[in-house]
Each structure stands twice: as C-alpha cells, then as structure tokens.
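Listed next as structure tokens is one chain, alone, in the form predicted on its own.
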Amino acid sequence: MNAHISFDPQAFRNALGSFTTGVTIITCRGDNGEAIGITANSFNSVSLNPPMVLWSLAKNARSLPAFSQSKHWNVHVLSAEQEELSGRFARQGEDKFSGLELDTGLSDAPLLKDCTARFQCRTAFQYEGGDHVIFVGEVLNFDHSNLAPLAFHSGKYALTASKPRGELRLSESTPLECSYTEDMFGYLLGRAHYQQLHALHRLLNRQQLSQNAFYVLSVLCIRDGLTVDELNSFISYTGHIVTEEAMQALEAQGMVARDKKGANTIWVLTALGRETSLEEIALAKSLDQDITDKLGSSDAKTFKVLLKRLISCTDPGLPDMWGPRG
C-alpha cells in the first residue's frame, strides 16, 4: 500500500489558490422547503453531451444533508457586482436569502438574479472525494449574460481581462535600448489619456475654455465654494495652476462668481458655469460608455480597478475630492 505524501496544509492551500477560478453560489431546497445556499469555487464542467457539471462540498458542511437528498440544485456564476452576495452566502448564522428577489426556475431550487451565468441541474451522481463529496449534475437549463464575472485568486476576489492571441503592438519599429518604449506606463497612460480627451478638447474650443478652466469648473461642480488655494490642492498635480487672474477671467465669462467666507474669497459656479460643466460631463460619460462598449464591460471594469490601484500607489497625498469636507 502506498503511503500518503505529507504536505504542509497551508502551503498546499496556497498552491491550489494559484489556480484562478470563478465564484458560484449553489442553491437547493431542504426537506422542509427551506432555501439553502452556499458559496463555492469548486464548480467545473464535465460533459457537453450530455450537458453535465460538477462541484464539491466539504463533508463537515451543515448543508451537506440538504444537497445530498435534493434532486435539483442551481449553480449561479457570480458577476463582479455580486461580491457582497458571495460573502453573505459564505457566512453562517444569517438568513442568506433575506431581501433577495428570486426568479422562477424549472425546480423549486432558489434561482438568483443578475448573475453572469446560471445552470439549473438535476443530481446525476454523488462521489466520495477525500474530505469532500463531489456532486455531478445534468444541466436541464441555463442562461448567461455579458456581465463581468467575479473571480477568485490566492484567497482574494479578482477580476478577469481578455488577453489577445497575439501581442498588441502600436509600432512595428524596434526602439533603441536607451529610448522610451511603448510598454512604459508613462507612454501608455499618456497616449490613452490624450486620445480619450481629443473629443473633449474640441468641445472646450467651442466653449472658448482652456483645459485649466475645464479643471476649475469640474472641481467646482463637485465641491462648490472653494478658495484659490483649495482649488489648487485639487488641480496642481495636473501641472496647471489656478490664479486669481484666471478666476477673474472665468468670472468675466459668467462661469463663476465670487463670495465671501470670513476673510477669504471663495468661488462658486453660476447657472451658466454649471450648465457648461454638465455639458462637459455628458460628453465625458458618453466617451466612457464608448470605451466600455469597445473594451467590453468585463475588461472595462478590470481596467478601472487597476487604474484605481495605480492611483493609490502613486498618490502623493492629494485630498479626496469626493470625501467629506475637512
């Protein structure tokens, strides 16, 4: 008889965690009609013909008797927007289905809404698998959407991004070793930034506004009633500096008006300034949607998360424009 190899359990768990998976919620009904649901990332496909899938559940799980006796269960592949739901169904001791609106399925197994994909299954086989029970189900019905899926990697939630079959190249020439290359963050972010703002610059020219003025109106649209120093605390990282003369020029255009707060002069948007800023915001949102449509919702969400991480790790200590006032 072969002896079992001894593994460090945590190291083995970490190694398994390097395999990126999706996140699912499996549901069924107990004998008393109670809705049962658990979070699982052990879901996998088995067969296309007949259509079959599998997942596994720990033998010490409280829900094991319900799933073992149930003839039907549903698999929900969670979307990136359902991280909270994943956490809810991973915890014990609460009504997991409280406040959730369910769809009507082929069986009485609960069918959750707004998922990336759903598989309604009938139990075909159950197998012993070490400290787990493996459930194999025949897929009776399924549906899917274009919602970005929620992923799980190395013990953390993650997002997925599509990788082209070939390397994306902007140029066929080979740069000198001492020169900038197209793979540098500075070049990629800079080029993407200016290409995206190309349409916005045309709007600013039509509005007879400078990029500096655009920054001022954008900030005041979010936080009205700021001094010049406060405006600069939000804008100076762009390389643009707000001066009293620049504010007076905007005042002459009817975009802003001055007010007093104690001994300080503060600047507020006029009705014209707010209307102008809203036109810019509408264009920015249109550009954002156009990029999302071209990238796909999954890649767009992943890219925004990565950009937020990049902003966080390069932040020199800028104030939070959307946070509470100090």
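Keep in mind the model is a prediction, meaning the values are calculated, not measured. The term rigid core refers to the maximal set of C-alpha atoms that superpose within 1.5 Å between the two forms. The first residue of the shown sequence is 1; numbering continues from there.
Keep in mind the form predicted together with a small molecule is missing from the figure; the text below concerns it.
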- Item | Every residue of Arg223, Thr270 and Ala282 near the small molecule in the predicted complex, heavy atom within 4.5 Å | no
- in the predicted complex, the one of Ala35, Val53, Ile266, Ala40 near the small molecule [non-hydrogen atom within 4.5 angstroms]: Ala40
- Tell me, which of Tyr157, Phe142, Tyr187, Tyr127 has a heavy atom within 4.5 angstroms of the small molecule in the predicted complex? Tyr157
- Item | Among 271-279, 293-301, 61-69, 27-35, the region lying within 4.5 Å of the small molecule in the predicted complex by heavy atom distance | 61-69
- Task: Spell out, yes or no, whether the shortest heavy atom distance between Phe97 and the small molecule in the predicted complex is within 4.5 Å.
- Result: no
- 4.5 angstroms heavy atom contact with the small molecule in the predicted complex for Asn146: no
- Item | Exercise: Phe89 in contact with the small molecule in the predicted complex, heavy atom 4.5 Å | yes
- Hey, in the predicted complex, is Phe214 touching the small molecule, heavy atoms inside 4.5 Å? no
- Is Arg13 one of the residues whose Cα moves 2 Å or more between the shown form and the other one, with the core superposed? yes
